[in-house]
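Before any questions on how it binds or moves, here is one chain, the form predicted on its own, in structure tokens.
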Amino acid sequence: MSWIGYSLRRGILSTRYPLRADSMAPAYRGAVESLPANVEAQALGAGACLSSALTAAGARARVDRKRCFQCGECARRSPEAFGMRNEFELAEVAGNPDEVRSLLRERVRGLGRSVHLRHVDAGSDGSEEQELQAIFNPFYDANRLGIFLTATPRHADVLVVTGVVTRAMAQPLLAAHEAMPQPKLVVALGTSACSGGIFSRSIAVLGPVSDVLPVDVFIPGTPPSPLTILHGLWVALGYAAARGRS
């Protein structure tokens, strides 16, 4: 009985996101912010980027968030040109976010009040899998949103792909996508899945997920936080707005 009283006193500990706002710790490195700076300062920060996500241009450098590893090295090397925000809502879509949101809502209208995810590791380092598993723990509790994992693509509504697509996994990935019923969505989870990252030049790699399948939503990060993943899935279901293409 003491455990029941203890639980009642502590109340609900699960995050209410995305139904209510939440935030990351102040030290969390989320989105890279390009600051007004001269070209030399921009070039110094861009030169420190291992994934070529930054390009010095005009008053502000261009940032390709689908390539960014969120390491913060650009901000350390050139703090006058780059900063790190603890923003976690990083999901992107291809095209106008408002138009894509309407299209996604129309596509998932027939799914009812629950969706099932089929996860395929196409060549990741394992970090994205840990964060994806975390959204089903008691704190993030994706099941409360009607989001579940399934072991077979034949029961799946959303294909979640992690890692850059290796040559060995290209055919199994295509087979999983082919086995899914309509309507179906594809989510690229993690920087490597979104852009290929630093692995894209390997002889064993075909490239990012979009080189093999049509991707609906990109969730960058190495790895993306559980809140970032929840935001990306909410975008995929048409409930939340996303960034435009970087």
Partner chain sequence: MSAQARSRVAGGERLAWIFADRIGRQTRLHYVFANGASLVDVGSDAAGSVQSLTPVTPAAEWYEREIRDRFGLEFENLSDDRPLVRVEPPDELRKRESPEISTVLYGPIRSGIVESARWTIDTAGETFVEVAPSMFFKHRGLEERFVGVELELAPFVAEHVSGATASSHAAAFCRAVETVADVHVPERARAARSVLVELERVAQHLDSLGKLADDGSLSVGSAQTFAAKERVHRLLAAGTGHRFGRGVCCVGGTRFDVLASLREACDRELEEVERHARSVVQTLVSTQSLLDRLIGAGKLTYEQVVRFGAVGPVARGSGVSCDARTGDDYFYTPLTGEEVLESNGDAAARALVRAAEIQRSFQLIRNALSANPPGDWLAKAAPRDGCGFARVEAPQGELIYFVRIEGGRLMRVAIRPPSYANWPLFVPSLPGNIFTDFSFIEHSFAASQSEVDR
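Here, rigid core means the biggest group of C-alpha atoms that superpose within 1.5 Å across both forms. Computed from a prediction, not measured in an experiment: that's the story for all the values here. Residue numbers count along the first chain shown, from 1.
The form predicted in complex with its partner chain exists for this protein as well; it is not shown, and the discussion that follows is about that form.
- For the marked spot (50, 73 and 131), a heavy atom within 4.5 Å of its partner chain in the predicted complex is present in each of the three residues.
- At the 4.5 Å threshold, heavy atoms of residue 94 stay clear of its partner chain in the predicted complex, well away from it.
- Looking at residue 232, you'd find every heavy atom of it more than 4.5 angstroms from its partner chain in the predicted complex.
- Although the partner is absent here, residue 16 is not a contact residue: none of its heavy atoms lies within 4.5 angstroms of its partner chain in the predicted complex.
- Heavy atoms of residue 204 reach within 4.5 Å of its partner chain in the predicted complex, making it an interface residue.
- In the predicted complex, the residues of 127-155 lying within 4.5 Å of its partner chain by at least one heavy atom are, in order, 127, 129, 130, 131, 132, 133, 134, 136, 137, 138, 139, 140, 149, 151.
- After superposition on the rigid core, the Cα atom of residue 202 is displaced by 2 Å or more between the shown form and the other one.
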